Structures are given as C-alpha cells and as structure tokens.
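Next up: just one chain, as structure tokens, the form predicted alone.
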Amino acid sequence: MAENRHQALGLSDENVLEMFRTMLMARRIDERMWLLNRAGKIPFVISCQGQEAAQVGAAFALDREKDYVLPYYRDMGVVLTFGMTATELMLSGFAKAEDPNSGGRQMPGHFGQKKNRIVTGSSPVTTQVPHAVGVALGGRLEGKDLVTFVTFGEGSSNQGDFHEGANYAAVHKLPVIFMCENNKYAISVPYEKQVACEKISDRALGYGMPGITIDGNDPLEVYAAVKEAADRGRRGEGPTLVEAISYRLTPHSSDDDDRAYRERDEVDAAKAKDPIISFAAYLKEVGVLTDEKEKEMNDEIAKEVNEATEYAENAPYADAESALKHVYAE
C-alpha cells in the first residue's frame, strides 16, 4: 500500500474524493466552455486547466464558513470549492441576467458572489491584492476570526498593488494568504523575462513575512502550505506568501495563439504531468478511488455540465436598459 499522505494531513477519504471531484468539475466546465467558444456560442474563455490542483488544494485549507477569497481570473477551482455551481459559471460564460458574478455585465473570470464571500475582481490585474488586505483589516477591526486568501499570477507580482498590499499586511500583521499561481507565462512573456529573482517567494523576505515555494500540481502539498498559512494568520502572526508552481495547459485565453511563444514539446511535457491524472493515480494507489468510481464520477459531472450548459444557454439575457444600472446613483 502506498503512503497515505492525506490522512497524515487530517483529511478523510471523503475529503480527498471531494477535492478530486471539484478538480474534475473545474476541468470539465472549462473544456465545455472552449467548445462553446469555438462554436460561436460564448465570446471568451480564460482557462483554469493545469492549475486546478493548486486552486482546490488551497481552497480546501480555508474555512468555507467565514474566510474570504479574492480570486484571480483563472480560479474556477477556488470558486467551486467555495460554493459556486456549474450552472452559475455557465450563466457567466453566456453573459446571462442570472449570472451571479455581474448579471452578464463582465467577461467570464470576474468572480464575485456575496453569499459565499467571493469578492469580485476587476479587469486590471492585481487590484484584488490590496482589497484582500483591506478585508483582513476590516475583519480585525470588527473582531472577526477570518483569514483572506488572494491569488494572482507571477506577472502580477511585478505590479505595485502586490508590493503595497504585501507591505501593509506585513507591517500590520494581517491574516492574509498571498498565493501566486506561477504558470510560467504572463500571457506570452516567460518567467525569466519578467522576474530576476529565482523564486517569487523570495520577495517575501523584503516584507518580513514567510515565503514558500511548493509544487502546485500536488493538491495535498498546497493544502498543507495554505493550512499552515491560515493557522498563522488566525494566531495573529501575520501574512504568508505561497508560490504554487504549475503550468497553463491552454493558450492564455480563447483570443491567444500560444504557438507563437511556446514550443509544443514544452506543452506536451506539462500535459504528461497533468495534476488531475497524477492525483487520480495517488487516490487509486491508496485505495480511495477505483476505476469504476472514477467513471461514475465522470458520468455524474458530464450530466451536471450538460444540464448547466442547457440551462444557461436558454436563460434570458439582461434587459438592454440594465446597461445603465450601477453607473450613477439612482
């Protein structure tokens, strides 16, 4: 029997199966969105494929009853873990009136849902970082035991918002987890052309907080790191910078052709390390998942994605007049 790593982390067999199912759900919704986009049915896709392990592993380490997440545009795994549904994500893809993120006003990937404490992001990257710091400060002022979790790409770690947010959170010892999902490319710009330091986590030192680099393809390693960061935050020991190394398996978005800047061999090598395949292999090794159970799970998810697609495609668009809402005070 292989080493059971999840039990050592305090995770039950049910927990890890739910993690795997959430990763699979994110992948299947994403794949469907690409098909819909290529069929001319939805305008835009910005993908989570290859980063699901980091997203789901991290979100499972948080308290889904009280913590706040400020996801960046790829974080389908995070928002699914925090309670967003396949149907809601499809409504956003089709830009329908019932889209909980923005009522169809925003491109997909601008996640926001008040009831699940998912704080909306904006199109300029990294603005969510100082917002996460502000939510953590607000929580402290109100005496609440909450941690904020914010994600961003490695390109975003060069933005002023990241540096200001990190500095403020560290000075005031706020319970913020900064997680950089390093997928090696800021659109078409490779890591070595953006950052001179070896690791993004090296930047933590300048702000007086711990920084750690982990394998973003391993949801259990991500879970352990984020859990420790959350515990530190709750004890009043301040923020942590976590860098999860992964790889973006798709082009940057449905408007990008990544053949212009990435060799196919590199992408194929990354696909061979697909976190969904490796996590399934681990779960089978420790006897938690069988081929039958995996097939059953895939069939259930396919049904759910089909129903979500059908519902969203047939749902009404917002009234044209609603374009004027939320612009001026009414």
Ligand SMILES: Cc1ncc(C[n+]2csc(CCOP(=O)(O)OP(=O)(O)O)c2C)c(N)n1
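Heads up: residue numbers just count along the shown sequence, starting at 1. Everything numeric in this text was worked out from a predicted model, so none of it was measured.
Below: the form predicted in complex with the ligand, not depicted.
Put simply, N183 is close to the ligand in the predicted bound form: some heavy atom of it is within 4.5 Å. Contact check for G143: no non-hydrogen atom falls within 4.5 Å of the ligand in the predicted bound form. The ligand in the predicted bound form is not approached by V171, whose heavy atoms all lie more than 4.5 angstroms from it. R232 falls outside the set of residues with a heavy atom inside 4.5 Å of the ligand in the predicted bound form. With the partner omitted from this view, the residue of A224, V195, V125, I245 that lies near the ligand in the predicted bound form is V125 [heavy atom within 4.5 Å].
This chain is drawn without the ligand; in the predicted bound form, the residue among K199, R117, H131, H252 with a heavy atom within 4.5 Å of it is H252. For the three marked residues, Y73, G153 and Q159, a heavy atom of each sits within 4.5 Å of the ligand in the predicted bound form. Only one listed stretch (80 to 88, 186 to 194, 235 to 243, 163 to 171) carries heavy atoms within 4.5 Å of the ligand in the predicted bound form, and that stretch is 186 to 194.
Residues of 214 to 233 that come within 4.5 Å of the ligand in the predicted bound form, judged by any heavy atom, do not exist; none qualify.
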